[in-house]
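As a starting point, one isolated chain is supplied in C-alpha cells, in the form predicted alone.
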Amino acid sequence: MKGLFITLEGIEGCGKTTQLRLLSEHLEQRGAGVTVTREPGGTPLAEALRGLLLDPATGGISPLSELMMYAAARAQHVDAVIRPALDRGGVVLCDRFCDSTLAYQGGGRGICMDEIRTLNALATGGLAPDLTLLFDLPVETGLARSGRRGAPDRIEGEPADFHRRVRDAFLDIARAEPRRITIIDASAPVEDVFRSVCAVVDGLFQTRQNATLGGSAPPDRA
C-alpha cells in the first residue's frame, strides 16, 4: 500500500505527544514501519528554527516573520523526512503540521487564512495528511496541564485569549474538513483517549486494506 500520513493537532496541553507515542507503539506492533516526527522540527535546520521560535529569550517576532520561519522549517521537513518515508510505503506520524499554522498564525495572530494556505501549499508541494486527529479540550485545562511541565515557552506564554482563538480556529478547520479531521475528546483519561484514537486509525487501516484487496487504489494524499 501507499504510505500513510497521519497528523496530530491541538492546543497546548492537549496530550497529543503522549498519544503519538502510544499510537506509534500500537502501529509497530501491527508490523507497520513508522516514522515519528514533529513540527517545527524533524531536521537539523527545522530543529534550529524550532529553538528560535519557542525560546522566550528570542523576544518579539513579527507575525509575518514567524509564519515564514514555520514555512521554511516545513519545506525542509517535507523534502527530507516526510515524503521519503511515504515513498517507502511507511506510516508517518507527525506532531503538528499545516493545521497548526492556520490555527496559531491565522486564528491566533490574525494573518489571512488564504495567504497561509497558499504558503503551506508551496512549502509542502501540495502534500496533505490522510488523517488528522484533533485533540480538543478547554483552554484552561490545557494551559493548566502544560504549566505543570515547567516554565512556558514563547507560544505557551501567550495570553489565554490567544489560545482561545487558536482553539476556535482548530474547530473551524475540523468542521470544514470532516472527512480528513476527527475530533477527539482530550479531556478524558489517557486510556480512553487512546481507545478513541485506535478506533479511528484501525478503521482507516482496514478501509485501505479492503480497498487494496478489492483491486481499487485508495485516494491520493494530496
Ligand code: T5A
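Bear in mind that the values here come from a model prediction, so they are computed numbers and not experimental data. One-based numbering along the sequence shown.
From this point on, the text means the form predicted in complex with the ligand, which you will not see here.
Picking from 184-192, 57-65, 23-31, 171-179 the stretch near the ligand in the model of the complex, with a 4.5 Å limit on heavy atoms, gives 184-192.
By the criterion of a heavy atom within 4.5 Å, residue 117 is excluded from the residues contacting the ligand in the model of the complex.
The ligand is not shown here, but in the model of the complex it comes within 4.5 Å of a heavy atom of residue 101. In the model of the complex, the ligand sits within 4.5 Å of a heavy atom belonging to residue 95. Shown alone here, residue 155 lies within 4.5 Å of the ligand in the model of the complex, counting heavy atoms only. Although the ligand is not shown here, in the model of the complex the stretch 68-95 places heavy atoms of 70, 74, 95 within 4.5 Å of it, in sequence order.
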